[in-house]
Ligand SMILES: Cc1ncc(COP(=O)(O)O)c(C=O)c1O
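Have a look below at one chain only, the form predicted on its own, in structure tokens format.
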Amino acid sequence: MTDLSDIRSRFPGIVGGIGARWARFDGPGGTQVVDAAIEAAAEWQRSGRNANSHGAFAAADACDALVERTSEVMGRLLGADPGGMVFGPSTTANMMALTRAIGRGLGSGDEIVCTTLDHDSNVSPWLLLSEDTGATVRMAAFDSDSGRLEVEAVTSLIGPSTRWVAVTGSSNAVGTIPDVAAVVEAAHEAGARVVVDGVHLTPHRSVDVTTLGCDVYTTSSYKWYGPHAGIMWVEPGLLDELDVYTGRAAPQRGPGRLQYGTPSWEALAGIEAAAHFLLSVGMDDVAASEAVRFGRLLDGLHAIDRVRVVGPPDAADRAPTLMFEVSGLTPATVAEHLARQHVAVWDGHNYAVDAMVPLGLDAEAGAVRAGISIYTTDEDVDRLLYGLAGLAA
């Protein structure tokens, strides 16, 4: 395993200014940005290349080249055909555009399978589609004791009327990683297509979309050390078939069909740099390094009286993210206490709207969420545990 002990030096928001005072466990909601992505975005805006695509002058050529390079490196990061990369402001926005296009071909009698483990960006767009088209959304339930989504829970709902299956690559609430490839295989055997929400999976595991076999894969670069943007891979043949809502002058083929207006060139420059960063470090080394910190956090939380770790008690088949609660205290109270210790965590449902009640939590208050990122240290983990131990005593 590559030694990542010096990786923090690549993150100005961690080592300098206000960031130097904080232990950051808020990465599941958005990570700090790596130096190369910051510099790439700034350099693009200084360069004079900011223009638009498909022009007869040098800056326009540079914009076209940037799209091609960013699509290529995203293809390498995700193991996917670069020709299917759609760039937008967020995964939620990308999913709204996708489902609106899909909905034009659906009607009463058609079915979509979603899961109660998913982030709402992979549920609400389908529910809205259902309202507009009369299609039925069927919800696959995860196991409330383990926090895991069994393959059978999804595949048992797939039938001859199923047109789409929407499944998470990793829970953004408790980190569990379903067997997505098995779900995709079953869906395809039934003639259905599959969208995988890879937003929480991509920062923590090596991804190969070709192996997964899905038709759509979504991710957000601000969850893996890049700028605020969403990237949605759509199988190129499907991309050209979709009956999209778009302008008359928009491209008739390729990713531009689902990109509304001019993309953020500086964001693309940052995405390119952040993807290169992850590839240069190596996702297997990222996963191994994060697993050490996560094990320390998980063991430490289990050892504190009055603390209940939500979901599975171990780290198997799991991204390094968890939720916990302290008996007698609201999640907001715990998060505020830790913030006074300069420890950043989240509280609430964290947009895993359908997962809270099955996990034994209040639908709105949820629990405290903490996630390990590439720059998390043992000292950070100890600060969280120390601050929590004093509160739970």
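These figures come from a predicted structure and were not determined experimentally. One rule holds for the numbers: they count along the sequence shown, beginning at 1.
One more form of this protein, predicted together with this ligand, exists but is not displayed; see below.
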Problem set entry | is_contact(Asp197, this ligand) in the predicted complex, heavy atom dist at most 4.5 Å | yes
Problem set entry | is_contact(Tyr225, this ligand) in the predicted complex, heavy atom dist at most 4.5 Å | no
Problem set entry | Exercise: Thr92 in contact with this ligand in the predicted complex, heavy atom 4.5 Å | yes
Exercise. Might Thr99 be said to contact this ligand in the predicted complex, defining contact as any heavy atom within 4.5 Å?
Worked result: no
For this session: State the residue from Thr115, Ser71, Ser220, Thr321 whose non-hydrogen atoms include one within 4.5 Å of this ligand in the predicted complex.
Result: Ser220
Exercise. So which stretch, 312-320, 278-286, 296-304, 83-91, is the one near this ligand in the predicted complex (non-hydrogen atoms, 4.5 Å)?
Worked result: 83-91
Exercise. Across 103-127, which residues bring a heavy atom to within 4.5 Å of this ligand in the predicted complex?
Worked result: His119, Ser121
